[in-house]
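Next up is one chain by itself, shown in structure tokens, the form predicted on its own.
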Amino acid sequence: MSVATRMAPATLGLGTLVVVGAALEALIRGGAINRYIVPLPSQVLLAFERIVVEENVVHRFLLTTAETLVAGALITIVGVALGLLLNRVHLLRAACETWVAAFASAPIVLMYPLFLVIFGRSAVTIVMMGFVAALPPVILKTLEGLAATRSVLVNVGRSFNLTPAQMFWKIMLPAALPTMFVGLRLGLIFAMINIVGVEFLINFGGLGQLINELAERYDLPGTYAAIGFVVLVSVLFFYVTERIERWLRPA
């Protein structure tokens, strides 16, 4: 595959973003969109440097990232374990799978007052909110990946008299990894979204607190730049998880 072919998707995406930004700039300058509601894209781009230099965004980014990684570690351990449990105990799966799916669509962020009462206004509340919100997709995708393992592979394992542990590590886990990583990616993004949202709501922590402070100052370019920074962080997390999956599955 040539370099031009590999770069085509990224070039198209970046070009589309530039065209949309230019069109939005023209509409705002022409008065079709109120600039007191939506700032000029050029102002938002200039605000990136300001929030990096003046708003200590690196420290806030590291704080939000640390909270997201802790929540990600928790959902990986607990979510995969629960997915494995549901796959092994069919009665439990029949009883709980629908509830887990319903929990995935629930607005978990609205539970933050309860978590504040339990854990206080601290980073623990933020991490636990991200963990609870991100757990269902990891459980469901782990269950889906394990259940979709081809029966011929399982039969080969049985023909070699593999123990249940060997069957899991040598056959079921490698076969389920692609689907499981989809769940982990979704869970990590859900965790970050909820972490930033709770930081915003309780005005505590990293990037969410920054967005809250800029919004209260009515610094629209800075607010949109901070939101854009969060989007870039989510893209970074998605890219990192994709690289980890490729490292674990070199074939």
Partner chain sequence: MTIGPVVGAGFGRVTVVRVAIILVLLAAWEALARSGLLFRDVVPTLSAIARAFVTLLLQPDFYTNLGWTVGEIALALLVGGVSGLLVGLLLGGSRLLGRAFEPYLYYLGPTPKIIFFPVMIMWFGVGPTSKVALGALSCFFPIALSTAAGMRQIDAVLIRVGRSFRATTSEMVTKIYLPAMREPIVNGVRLGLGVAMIATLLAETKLSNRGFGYLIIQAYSTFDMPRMYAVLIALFALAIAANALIGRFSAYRASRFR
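Remember, it's a predicted structure, so these values are computed and weren't measured experimentally. We call the rigid core the largest set of C-alpha positions that still match within 1.5 Å between the two forms. Positions refer to the first chain, counted from 1.
There is another form of this protein, the form predicted in complex with its partner chain, and it is not shown here; the text below is about that form.
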Legend entry - All of 19, 26 and 56 within 4.5 Å of its partner chain in the predicted bound form, heavy atom check: no
Legend entry - residue 32 within 4.5 Å of its partner chain in the predicted bound form, heavy atoms: no
Inset, instruction - May I ask you to check whether residue 112 falls inside a 4.5 Å heavy atom distance of its partner chain in the predicted bound form? - result: yes
Legend entry - Distance check, residue 65 to its partner chain in the predicted bound form, heavy atom within 4.5 Å: no
Legend entry - 4.5 Å heavy atom contact, residue 189 and its partner chain in the predicted bound form: yes
Inset, instruction - Name the single residue among 147, 77, 124, 85 that comes within 4.5 Å of its partner chain in the predicted bound form, judging by heavy atoms. - result: 147
Inset, instruction - Taking its partner chain as it sits in the predicted bound form, which residues of 209-225 have a non-hydrogen atom within 4.5 Å of it? Please list them. - result: 211, 212, 215, 218, 220, 223, 224
Inset, instruction - Indicate whether residue 35 shows a C-alpha shift of 2 Å or more between the shown form and the other one, with the rigid core used for the fit. - result: yes
Legend entry - Core-aligned CA displacement of residue 63 at least 2 Å between the shown form and the other one: no
